[in-house]
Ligand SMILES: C[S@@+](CC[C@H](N)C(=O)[O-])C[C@H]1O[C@@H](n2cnc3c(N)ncnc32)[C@H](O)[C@@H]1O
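Only one chain is shown below, in structure tokens, and it's the form predicted on its own.
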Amino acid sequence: MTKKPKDNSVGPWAKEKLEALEQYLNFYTTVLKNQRHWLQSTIYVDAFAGPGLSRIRTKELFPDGPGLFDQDAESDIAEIEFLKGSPRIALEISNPFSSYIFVDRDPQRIAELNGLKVAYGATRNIFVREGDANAQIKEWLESRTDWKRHRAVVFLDPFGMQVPWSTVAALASTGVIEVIINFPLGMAIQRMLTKSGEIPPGWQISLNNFFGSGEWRELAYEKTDDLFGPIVSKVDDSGARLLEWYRGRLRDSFGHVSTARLIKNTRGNPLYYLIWAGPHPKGLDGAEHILSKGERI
């Protein structure tokens, strides 16, 4: 439902997300650096990589009037601030991954990622893939990697609901991959959940695909009766219910799931949650330490 800005800009709140990502990637590679006797490689996959450098946005993204999901509308400032994107952050950690896979479907961002490949190519093993993130992940998983000797972290950070549950389940099925997921509760999900429960068919399909089930409707809505018959209405804690249900499904699929760290815009409105899921309790310890620092639901 929500589209990524064409100018590759990001909101100032992206700093918090990227700091958490950097901290976890450093933790992950530090833990595994002494496992070289059996571990053949570590892989970082950025499925919605974007550019290596983004301008921090100072104007509102949703210009159609104020509302819960609007982002800050501020006047331009003389000095433009730039922020390292997730690909560059991953490339610059102290103990680098054995290889990096950056995926994006936009030709301009692919060109920038190829620029990073040239800039870091002498010391980093980088693969840039153009196309749909879910199709690229499927192709990568079907490459018959021997997961007994490889480990990976996949960063799933779309600008909306572009990661269906089928992709998440496929990653979990390896038994070794960890994921850091952007759960877009404020940016996308709640915008589709109308108060009346009358949801356009296309939105219902998107919600079904994202959650991998139609059970979201039972969690988000309740049916009551009045003098005119049954009434369907959205429950007040629909967001909390959906978040905990999604976390529970991640736990069932991966084995462990972290606290969900809330990311807000500069007005204090909720945008999304960062969630880690993985197969090993050591990973959970690191993720919990990092993600529990922020605000939770």
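Numbering starts at 1 and runs along the sequence shown. On a predicted model such as this, the values are computed, not experimentally measured, just so you know.
FYI, the form predicted together with the named molecule isn't displayed, but the following is about it.
Asker: Please check if residue 172 has a heavy atom lying within 4.5 Å of any heavy atom of the named molecule in the predicted bound form.
Answerer: No.
Asker: Is residue 155 one of the residues lying within 4.5 Å of the named molecule in the predicted bound form, judged by heavy atom distances?
Answerer: Within the cut-off, so yes.
Asker: Contact between residue 50 and the named molecule in the predicted bound form at 4.5 Å, heavy atoms?
Answerer: Contact check for residue 50: yes, within 4.5 Å of the named molecule in the predicted bound form.
Asker: With the partner left out here, check for me: in the predicted bound form, does some heavy atom of residue 215 sit within 4.5 Å of the named molecule?
Answerer: No, residue 215 sits far enough from the named molecule in the predicted bound form that none of its heavy atoms falls within 4.5 Å.
Asker: Picking from 132 to 140, 173 to 181, 200 to 208, 217 to 225, which part of the chain touches the named molecule in the predicted bound form when contact means heavy atoms within 4.5 Å?
Answerer: One stretch meets the cut-off, namely 132 to 140.
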